[in-house]
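Presented as structure tokens, the chain that follows is alone, the form predicted on its own.
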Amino acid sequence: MKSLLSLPSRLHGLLAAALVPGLLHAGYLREEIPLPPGEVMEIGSIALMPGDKVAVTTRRGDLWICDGAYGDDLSQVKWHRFAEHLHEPLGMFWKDDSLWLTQRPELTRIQDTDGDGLGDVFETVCDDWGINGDYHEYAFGSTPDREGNVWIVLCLTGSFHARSDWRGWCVRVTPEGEMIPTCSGIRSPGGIGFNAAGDCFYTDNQGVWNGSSSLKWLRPGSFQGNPTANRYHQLADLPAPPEPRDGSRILTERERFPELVPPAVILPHGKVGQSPTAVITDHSGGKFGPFAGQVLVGEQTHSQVQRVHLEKVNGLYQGAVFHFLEGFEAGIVPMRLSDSGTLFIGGTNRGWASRGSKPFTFERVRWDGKTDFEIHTMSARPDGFELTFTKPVDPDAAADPGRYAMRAWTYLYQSKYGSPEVDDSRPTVTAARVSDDGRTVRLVVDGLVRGHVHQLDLREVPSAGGEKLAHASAWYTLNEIPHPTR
């Protein structure tokens, strides 16, 4: 019998508070989508389906399908349970008339072959990695890459050990179900996804061998920095990953070991959240605002969405992170952005506390065309940085180098948990050159430090119309300084 749960009119009063939208900042409207009454909906993954349906999985193992999540009247949403008794799925997508999801022990394909709205065929696509029941052995799976492969990052056992095969690694699963060990050195992922170029990234959390949380590039064959699970290379006759020196620096060790890929963008602990999760790219072509092509990163503890501008310099990814959206009612785990520009967000505070008033939520964000005055991009140059803005700057204020402040630091690369900010430096902005249209400012900086995070503050730079910046700080991870010919 199909399990169909509608939200009857007598419940509308109870849901009124959930339906009150919240303005995140200019142009972005947050709305809570009513959930099935009485259900614990700690959402772990989201998939967008044909017919404007949205599928979600819960950490307790249910798979629900929502009708009406795109609608103007969210009181009319309807839910039905498609499957149950799953093993904490953290990654799901729709392909070939099926829902594909990454569970802790396997990649699974689920079909509804008789059209009754319930999953009736459950196919194990791949289960070649280990699991032993530890609470922390999460598995986060991507959508398919351009070759149809699903990328999966496997958390360490208890976040400190590797007591099951391939824990602490990234693997790819081909359309035929073959598992390909792809990257070593992973600690505690929170999400995985692709940038606009199709390269795969994941978020790793602060902890052992991770001085701060970060967004990392999963370059095939790379070592991501944590040696805990190095021994599993023997299972596939792969070269041994590096054994870094405890208490060193990432820059020092990657000069010893070229396979060590540094974090593309460090998310300074406490300054830019402290538990990063989902990784998605704004592919909406401007339907979700002026940041098309940039990467959006979820944040569980601070219940935020951060914005990342990536670039490749000397063969490595690096870039800047900016605060973007906040005010969500629970900690963000999965995100999905539709082609039409609706951002769906699943929230939970189970296990780790989060900002917000609720233990779990399903929310959406839409853009109405208004734009705040923001730093749009921050790019490295041989002698400093180049900033672009969403609106023209005040040319006189922006040309004053005294309006900019910068600090740079790095982290200990160590087996202890996390790291303080170390090797502090104070680069100085010596010149600021404003473009004729007021949208670009070129900063000349004395004292750039390769391998350091560079925090830039420009609170006294208004727009040409007198607006203050909505977010006046940026954090750029300078893995490489561009060659002067750039």
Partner chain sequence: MRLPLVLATLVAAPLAAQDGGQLYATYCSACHANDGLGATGGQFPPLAESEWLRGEPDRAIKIVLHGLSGPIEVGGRGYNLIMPPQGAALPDDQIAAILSYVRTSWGNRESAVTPQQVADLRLATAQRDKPYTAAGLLKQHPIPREPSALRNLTSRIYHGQWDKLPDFDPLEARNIEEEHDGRISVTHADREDHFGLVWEGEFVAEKSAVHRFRLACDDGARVVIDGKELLKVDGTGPISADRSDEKGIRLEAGAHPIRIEYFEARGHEDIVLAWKLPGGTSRWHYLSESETGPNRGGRPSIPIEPTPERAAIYRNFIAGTTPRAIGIGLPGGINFAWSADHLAPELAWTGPFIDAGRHWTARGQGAQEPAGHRLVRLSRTPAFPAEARFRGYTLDPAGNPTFRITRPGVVIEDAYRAREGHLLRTLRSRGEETRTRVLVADTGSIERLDDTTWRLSDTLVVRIAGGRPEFDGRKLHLTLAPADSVTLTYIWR
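Positions refer to the first chain, counted from 1. As the structure is a prediction and not an experimental result, all values here were calculated from the model.
This protein has a second form, the form predicted together with the partner chain, left out of what is shown; the following refers to that one.
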**Prompt:** in the predicted complex, which of the stretches 277-285, 263-271, 218-226, 339-347 has residues with heavy atoms within 4.5 Å of the partner chain?
**Reply:** 263-271
**Message:** What I'd like checked is whether Lys78, Asn205 and Arg439 together line the partner chain in the predicted complex, meaning each has a non-hydrogen atom within 4.5 Å of it.
**Reply:** no
**Message:** Given that the partner chain is not shown alongside this chain, does Gly418 nevertheless sit within 4.5 Å of it in the predicted complex, heavy atom to heavy atom?
**Reply:** yes
**Message:** in the predicted complex, does Gly190 come within 4.5 Å of the partner chain, counting heavy atoms only?
**Reply:** no
**Message:** If we define contact as a non-hydrogen atom of the residue within 4.5 angstroms of the partner, is Glu374 a contact of the partner chain in the predicted complex?
**Reply:** no
**Prompt:** Are any of the heavy atoms in Val121 no more than 4.5 Å from a heavy atom of the partner chain in the predicted complex?
**Reply:** yes
**Item:** Contact assignment for the partner chain in the predicted complex, among Cys200, Cys155, Leu296, Leu86, heavy atom within 4.5 Å
**Value:** Leu86
**Item:** The single option of Asp400, Asp246, Asp96, Glu243 touching the partner chain in the predicted complex, heavy atom within 4.5 Å
**Value:** Asp400
**Item:** Contact set, 438-459 vs the partner chain in the predicted complex - heavy atom within 4.5 angstroms
**Value:** Asp457, Arg459
